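Next up: just one chain, as structure tokens, the form predicted on its own.
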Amino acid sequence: MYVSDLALNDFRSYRELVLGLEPGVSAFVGQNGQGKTNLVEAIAYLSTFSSHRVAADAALVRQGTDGAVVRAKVVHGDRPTMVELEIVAGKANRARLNRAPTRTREVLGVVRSVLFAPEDLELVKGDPTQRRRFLDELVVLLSPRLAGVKAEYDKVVRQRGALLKSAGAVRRRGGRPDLSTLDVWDGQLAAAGAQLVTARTQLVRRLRPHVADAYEQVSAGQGAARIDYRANIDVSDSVPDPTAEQLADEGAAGAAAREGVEARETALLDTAAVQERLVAAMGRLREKEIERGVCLVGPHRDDLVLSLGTFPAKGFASHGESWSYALALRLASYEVLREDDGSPWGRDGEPVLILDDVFAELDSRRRQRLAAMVAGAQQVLITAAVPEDVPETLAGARFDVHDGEVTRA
């Protein structure tokens, strides 16, 4: 799969832009603030309906205008597809597929992309929110129907949380809150939450060998990377977490720790059982939830645990190791999408690989190793401040970006 044409109207700094692209490598070169990241952000937005730079869509609309439009022609094999998203600040997006209006969820998965950017360092160093978002975006790319499940779950968490907060306030005033609807919210949270937990667990299993392999290649074998899914439901059930040191142990203790993780993961693949465990956990923690006024149970409190050797990556990995780990997570995502048997496009569903201002952050060895790893991708889009930041091995089309103007070099 590759993007052959991109058109922007009132998106970020672009009032109007029409750009032709090709398979292989395309590099957008320009100083900071000239608009090169806006280009690749638009393609990534078509893929995930979210930006890697801002939380609110309103920031994507050019100042002084009411909405933005992103259009792309995507080629799967010899089959072109036109995708269009209209972003209206404060309102739901509107979508077109081959120029015909359609529901936005119908265009999910038509454009597949994996974007690596400096912000991805937060996947390793940041809080669990970043890692949950990483998993959920990839889960939706692999199974677009889960976008609706995720939206439903988020809505239930907000509404159930509001009820808990209200109940806690009534109790503090000496009253008796009406909790008659709480069981209904518990059931709805458990039904949607169990699907998310199962999907995330399946994904982590698929990602794990690719993360280990990618980290080994990027770092030249300097450490072993391992990812594990930490479910809040396990914490609620008092299931102890093995340490990174236990998992890395090559003896009997390590084997037992890994078997424990395997058994715990297997239990999370049973959606019906997870749903029952979520309901039971909410029942046990109900008084504490009312007291604190928040939902203490569910996948919104889960985490993706990153280990490096015998230590957790967060807090122990150096700056260079953290960069290598973040790269490994994105490269593993790319490999999982490439091998996805569920894609309606088959092999032609290979994602576009986007490297946004990445090479300037890497030392020369990591730069060359990354270039060698991505050179064979069907389409690679690179942004860089200066031409020297693009490795010579990634020869291809070059575009100069200056003050919102894009010209073929």
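If you're wondering where the values come from, they're calculated on a predicted model, not measured in any experiment. The numbering used is simple: start at 1 and walk along the sequence shown.
The protein also exists as the form predicted together with a small molecule; that form is not presented, and the subsequent description refers to it.
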{"query": "Proximity of R53 to the small molecule in the model of the complex, heavy atoms at 4.5 Å", "finding": "yes"}
{"query": "Residue contact check: Q31 to the small molecule in the model of the complex, 4.5 Å heavy atom", "finding": "yes"}
{"query": "is_contact(S13, the small molecule) in the model of the complex, heavy atom dist at most 4.5 Å", "finding": "yes"}
{"query": "is_contact(R62, the small molecule) in the model of the complex, heavy atom dist at most 4.5 Å", "finding": "yes"}
